[in-house]
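Presented as structure tokens, the chain that follows is alone, the form predicted on its own.
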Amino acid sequence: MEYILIIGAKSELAKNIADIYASKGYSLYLTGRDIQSLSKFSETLVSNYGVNVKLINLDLNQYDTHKTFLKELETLPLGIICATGYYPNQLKAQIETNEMLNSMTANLIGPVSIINYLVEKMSRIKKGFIVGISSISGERGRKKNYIYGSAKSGFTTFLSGLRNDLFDQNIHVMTVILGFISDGTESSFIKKMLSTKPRDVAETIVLNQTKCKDVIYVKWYWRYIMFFIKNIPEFIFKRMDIK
């Protein structure tokens, strides 16, 4: 039975991704801090789909545990979904090192560390896939969230280089550039129009992974929105207040 590893499995998006892969017959490794809070969810997956689900505690801040984490995996996963993320308070992150480091660790350093250890083993069998969930915030720095955005930008660059490195080893790497996810509390009309439900995002990710896409924007219109934003001249952009 083939396994899918989901790093950062406690979000609604990650749980929907897990449900879709389980419905396709894949067993799952679900990781996160205090991961036992997903015990009822994992029991539901086992009951509904007859797959194996193993919950593994993983703290991305504890770098010395990353390599030993691999011992928790009974078999090497076919695929890795990296769904970790932490959106810091921008003003707090500018003056408090811990807040800044929490964002960098959750969005960049921790995922890179774990993926690097896994890739070392996946390269030996030359099989598998990696999906990294990044963000439109990493496409261009804005004063609203450039601490978070810089981490996501770094993760996007890492995935691009990894895709290039693993191309001839039959390991596919897909970058997901994520826009707004609906949580049902959107106040502005524009954000409500541009937000996507977690289930729809999950279905889009899994579908495009099976098609071996390289870079996807969720949803598709973000590709054009960000193309416009990225091509605004810097002397104009620095004066703007883009929310």
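One rule holds for the numbers: they count along the sequence shown, beginning at 1. Please read all numbers here as calculations on a predicted model, not as lab measurements.
One more form of this protein should be noted, the form predicted together with a small molecule, which is absent from this view; the next part is about it.
Note on contacts: among Phe180, Phe69, Tyr26, Tyr217, the single residue with a heavy atom within 4.5 Å of the small molecule in the model of the complex is Phe180. Checked against the small molecule in the model of the complex, the candidates Ser39, Thr210, Asn48, Asn61 yield a single residue with a heavy atom inside 4.5 Å, and that residue is Asn61.
Heavy atoms of Ala18 never reach within 4.5 Å of the small molecule in the model of the complex, leaving it off the interface. The small molecule is not shown here, and in the model of the complex it never comes within 4.5 Å of any heavy atom of Ile81. Shown alone here, Ala22 lies farther than 4.5 Å from the small molecule in the model of the complex, counting heavy atoms only. In the model of the complex, Gly85 approaches the small molecule with a heavy atom inside 4.5 Å. Just one listed stretch, out of 89-97, 146-154, 116-124, 165-173, contacts the small molecule in the model of the complex at the 4.5 Å heavy atom level, and that stretch is 146-154.
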